[in-house]
Ligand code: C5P
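Take a look at this single chain, the form predicted on its own, given in structure tokens.
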């Protein structure tokens, strides 16, 4: 299991200060929609300047018509990121178009599909998709797997089922992780490291518990220790 730190602070300066505090760790860093809209490629370049070994997950959740998604995915190739995501709700045709467009590239990023946002509870999700979270997460994951994607974004509670329905090497990345039982905030389906481990999660995304702490490096070290101790 690998740790991905969410860079969700209000300004680029604050994000950079956070990165500098944790620069000596081997980590994935998540650049989300707000950070990328505000700071763009210069922010990605600044991350690499601090530590070129950082892996970057660009969390834009592409969702559009197939050709636009494929065009966008190809444009992402020039950003130097290591992973990005699309919305599985865009459908199998769109996900297939993305992967077909990336075929000529030898070193393409990992591509994941978002299944059900972890901010959804069952009632809210049902109003939009008219099915349970578990049902649609499994369906979206199967669509993504058939389209040739590398994995999905899901809550910890869908991870094991998704791997059983697709492949054990099919990546599951889980946001909303509260490593040691911290407050859920605006997330609904949160989980601890222990739950993520039991559910065979490959990547955990941790934000607030790290960047809201007075000593983020210490929290990162504690999480990595927990991950390594229980391999």
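What you see is a predicted model; the values in this text were computed from it and never measured. Positions refer to the first chain, counted from 1.
Although not depicted, the form predicted in complex with cytidine-5'-monophosphate is the subject of the following passage.
With the partner omitted here, the residue from 162, 56, 171, 205 that has a non-hydrogen atom within 4.5 angstroms of cytidine-5'-monophosphate in the predicted bound form is 205.
Interface membership of residue 3, defined by any non-hydrogen atom within 4.5 Å of cytidine-5'-monophosphate in the predicted bound form, is ruled out. Interface residue remark: residue 8 is counted as part of the site for cytidine-5'-monophosphate in the predicted bound form, having a heavy atom within 4.5 Å. Contact annotation for residue 178: at least one heavy atom lies within 4.5 Å of cytidine-5'-monophosphate in the predicted bound form. The shortest heavy atom separation between residue 209 and cytidine-5'-monophosphate in the predicted bound form is within 4.5 Å. Taking cytidine-5'-monophosphate as positioned in the predicted bound form, the only residue of 22-55 that brings a heavy atom within 4.5 Å of it is 30.
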